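Consider the single chain below, provided in structure tokens and representing the form predicted on its own.
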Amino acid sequence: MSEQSRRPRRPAKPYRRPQKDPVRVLAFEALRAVDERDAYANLVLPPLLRKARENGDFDGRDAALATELVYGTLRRQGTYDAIIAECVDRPLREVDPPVLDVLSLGVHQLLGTRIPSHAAVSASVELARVVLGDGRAKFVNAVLRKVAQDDLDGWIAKVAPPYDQDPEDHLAVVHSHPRWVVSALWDSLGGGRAGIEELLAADNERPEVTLVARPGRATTEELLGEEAAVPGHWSPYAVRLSEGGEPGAITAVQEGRAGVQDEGSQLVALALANVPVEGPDGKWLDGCAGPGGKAALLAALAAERGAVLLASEKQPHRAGLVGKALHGNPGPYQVIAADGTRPPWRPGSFDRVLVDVPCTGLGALRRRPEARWRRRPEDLDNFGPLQRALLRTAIDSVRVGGVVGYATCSPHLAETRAVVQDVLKQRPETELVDARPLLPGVPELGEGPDVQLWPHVHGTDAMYLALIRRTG
């Protein structure tokens, strides 16, 4: 008998069941919903967090970590995909999507948080064991150990082409935006490298939560009495919540007297409400009112002046959201479900008209980071005809001397100035009104007469506004 055969065999290690981490499992479930159902994280995550709290699985710190894991992973998806592609032995498209979600969560913990490397790898492998099985967990372990060999700057230097060689592709990888989005934003912004880098970086920052105190129903003084509340930058009705502020816990928000609304959206509504009109001023229209934020502010402003707002929204379920947002308004209003391109009201019925048209949403990538990966250049071909039709109908709907506000949460030139210029060429009875004086104190509004807001300049979503007066 040989020496080797006489050695006692080591006993096999007992199988250890994987330990379920509620925070990372929830983050994984949210990413799967975004990937599988084209859901939006800002709609999927809150009910998951609420259920976890109700079950006693989460506290405030757990919720904050889960939120960071989900949003951080989505914002940096393009950069992380490029890094993972360098660490796997197959094309990225051949990696199963659930495995890629676990890897992306792990890469974000390694490169985008302060979690120690060993803890990030260990937690990600344990998550893989829970949701993928032991076999694929080994693959996750091997990939993440390769990623852990360098930091984010080191990896970017490896996977991003030099700026001098391909500026747009460099920025796309470094700042995690599709190349066509980088190109479109750069065209809209103009200028050199510094401005576009600041804009793309701002898209990857967590936005502040901004509240609106609806006139006649709440005041900024009331909201400023809440913990972590500070004044807004530009809107007299805005209050910002610093990190950790929970809007759902504020009484005025619970009662609908205040709401969550980006300051850019508030400024659009205020500019339309404050532009001078010739003659009567009693009938206002929000022609694309869903989900109701701007309509609620306009209705409150109209009530203060004895005017009435008609809020129209094509989709019935979104019209229901508008009705909920306007419930309790101090003055009269009406909400209807109607197609803004074939409206039931008579031409020339209104003194002020707002159309915040459907768009690509490239101005709100801070809030909906997954949208950058879903949109395609061809989407512009679908939105363009609708945007022009809605603007034409809005001009038809306003009386002579009245004003239309054309707004969109996109800075893409094909959705902003191109639409306005095309429609106004066919409508000689209109003229553009300078919107800049209607946003007092707001800097860097450009040459006018239209206005483009920017996240990196104004701290708002990239809202666009053109004011159009009907002259004949």
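A residue's number is simply how far along the shown sequence it sits, counting from 1. Not measured: the values here are computed from a predicted model.
Separately, the form predicted together with a small molecule exists; it is not shown, and the next lines address it.
The candidate site formed by 183, 196 and 363 is entirely out of contact with the small molecule in the predicted bound form, as no residue has a non-hydrogen atom within 4.5 angstroms of it. A heavy atom within 4.5 Å of the small molecule in the predicted bound form is found for one listed residue only; from 72, 215, 293, 323, this is 293. Out of the listed residues 179, 233, 314, 327, 314 is the one that sits within 4.5 Å of the small molecule in the predicted bound form by at least one heavy atom. In the predicted bound form, the small molecule stays beyond 4.5 Å of every heavy atom belonging to residue 253.
Among residues of the shown chain, residue 299 is not one whose heavy atoms approach the small molecule to within 4.5 Å in the predicted bound form.
The small molecule is not shown here, but in the predicted bound form it comes within 4.5 Å of a heavy atom of residue 338. At the 4.5 Å threshold, heavy atoms of residue 356 reach the small molecule in the predicted bound form. The partner is not drawn, yet in the predicted bound form one stretch among 218 to 226, 197 to 205, 386 to 394, 115 to 123 has residues with heavy atoms inside 4.5 Å of the small molecule: 386 to 394.
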